[in-house]
Ligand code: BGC
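Just one chain is shown here, as structure tokens, and it is the form predicted alone.
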Amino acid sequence: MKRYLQIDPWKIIEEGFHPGYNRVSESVFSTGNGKFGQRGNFEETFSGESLQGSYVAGVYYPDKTRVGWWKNGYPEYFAKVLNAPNWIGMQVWVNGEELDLAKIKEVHSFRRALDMQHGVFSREMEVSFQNGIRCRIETNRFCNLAETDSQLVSYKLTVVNSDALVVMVPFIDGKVLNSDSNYENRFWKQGVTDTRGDDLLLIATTKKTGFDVGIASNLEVVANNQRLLPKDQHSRKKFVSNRYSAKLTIGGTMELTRKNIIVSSLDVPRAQMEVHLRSRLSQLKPIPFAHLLEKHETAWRKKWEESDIVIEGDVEAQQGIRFNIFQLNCTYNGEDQRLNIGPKGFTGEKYGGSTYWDTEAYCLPFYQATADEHVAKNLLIYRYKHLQKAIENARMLGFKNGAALYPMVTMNGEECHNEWEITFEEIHRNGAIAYAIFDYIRYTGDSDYLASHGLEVLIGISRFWRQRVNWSEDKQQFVMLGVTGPNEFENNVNNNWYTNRLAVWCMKYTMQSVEWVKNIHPTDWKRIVANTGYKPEEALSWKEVVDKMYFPFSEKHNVFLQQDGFLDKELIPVAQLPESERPIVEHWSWDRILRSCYIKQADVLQGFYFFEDEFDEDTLRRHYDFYEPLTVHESSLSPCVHSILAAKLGDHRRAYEFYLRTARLDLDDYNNDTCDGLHITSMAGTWMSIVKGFAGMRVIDNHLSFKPFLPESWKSFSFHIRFRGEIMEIQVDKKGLTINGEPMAVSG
């Protein structure tokens, strides 16, 4: 765990430069606007430990899957979110010496800050060069939330102790690598490069997929109160730059204002891109930086009005939840049905693909409660549009008759994950997608979605489950063999309880949905039958599985077992593990992990979270007390579920501890992996820990219900919720619960 960032309710602040943590800081100080994003890199050269990262939504490369063997149905490629051309880069020289914090003589002061309230990343530092010149640098930049094709940078250098010749060379660089590139493979082809006056333009094209990304920069450089003209302009393969220079006296400044337009061929056709870039840049040029910043801040103010959680009495917790909400709003805006939420968002390249089951299981509740209804709906439509691809994915594995297996990792609906135990076995993702349809309808009341989109998906998923189980003559029940549940520390197991439970629930919900659509939306029903070839006997087949599914159970412990062989393991509590061996994923062999009892993330308890209405509190407590001591929480998705369940059980201390772990997972680098990017999808779990955990919010009989508690160190907490067209203000304090200012009785 790292505690070098200052605690502040609205800002993330690094006071003093910590070069050993720089990649962590680059992740933490990332910004975005739903269309593109930028790690917290320096604008100028930095030769120390760094991951330069600029990312454009929906742009990817299908790298060849790397395996030692090949089996039918194995994905042909592993999708990678691409590091896009560097649109903030520049070189700075002072009296012939380049500014590079890794080589500088002395750093006198250093401060970088992310102002989450206004969506601005800033940096202030004062340094001495090897040549004795001392300079102060101040920067501000933001990915514009008001006009989501633009990004702006302000860069100011002041000479402190001597006259000096200062040279600035802002550039756009398409010669970029991904951090996991094989043999330094580059994924971008040469496109258009051009310089015209103070404007730079670069269009690059991805290999194989043929995505185009266009970047145009307007550069305004002022020194000695005069606008500078570029001295040299370079336009060469995948690189464009302008060079500006000025002689500064003591106290003199040189300031660059950079306005970037960033678009992809998802929005602008290649043939029109250059004209479009120049047109948009000409619109942006005359608008003052301060005016663009004001519009951006207004957009963020609206976001915070919708989604902020205000905590009184605990600044550490307040900073944590706001950081998570900020990054969620940087990642996804819900305006494009082709886009989804990647595990790292715009903050890093790990995990490659765009979409995991995390979206449906963790992110959907946040967006459906804090944004307009269409935002969450578009997450579901994303999957609906990939239904035929899901059917093709299942067909490649031998499934028939319209059975659908949604991918574990995808950009376009095709499976593109390169680990066999996840690609073939972690099939519970199908259930999370079905559950999201149910959860969306329950929350929004938009039951018509079932007829317009949802039922076709449910039918495909239920067909998959029916074919994936088999009849056990020994048990005289249906079983499911060779799966991996959410707990990835157990691979290729039989009868994972969570997966079996999801399968049964899905088929039952699909049967209910068939009858509802048939009776309420007969026209849609005819279309669905025509599209899917549904036959009534399918429901009878599903019901047979529902009635006769096997669930592993221990009479001794009176709990459902994670899988058939779980009690063959030594049940040694996590508390007895030496700290020197934590996290075990970094210290143990995979063989040892698979043979251990340790749970990476909530598995059985994930099922209790989804289907809490099916179990009484005593049953939940028994399972919680059995599994929690064995859980190492080495998945970012784990602590939030345990926090919610602990809150329900009245274990307020543990609920708060788990909340703090999920809220500050990246800020404090709990799992020693923030350097690779932030855990975007688990951040939605932080929001759920407060809203579903501390506030106890549930939808019961089409109404919101609350069973709140106030953590001991808090004076109050409050948030806004959208529910079925109404925006409500919820507050919990020592007096109890108020909704829209009115005291309310509390359930339970």
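The first residue of the shown sequence is 1; numbering continues from there. Quantities reported herein were computed from a predicted structural model and do not represent experimental measurements.
As for the form predicted in complex with the named molecule, it is not shown, yet the points below apply to it.
- With the named molecule left out of view, the stretch that reaches within 4.5 Å of it through heavy atoms in the model of the complex is, among 596-604, 167-175, 77-85, 220-228, 596-604.
- The named molecule in the model of the complex comes within 4.5 Å of a heavy atom belonging to T681.
- In the model of the complex, no heavy atom of S154 sits within 4.5 Å of the named molecule.
- None of the heavy atoms of G460 is located within 4.5 Å of the named molecule in the model of the complex.
- Proximity of S635 to the named molecule in the model of the complex: non-hydrogen atoms within 4.5 Å are present.
- For the candidate set G320, P639, P407, P343, a heavy atom within 4.5 Å of the named molecule in the model of the complex is found for exactly one residue, namely P343.
- A heavy atom within 4.5 Å of the named molecule in the model of the complex is found for one listed residue only; from F211, F608, Y624, W357, this is W357.
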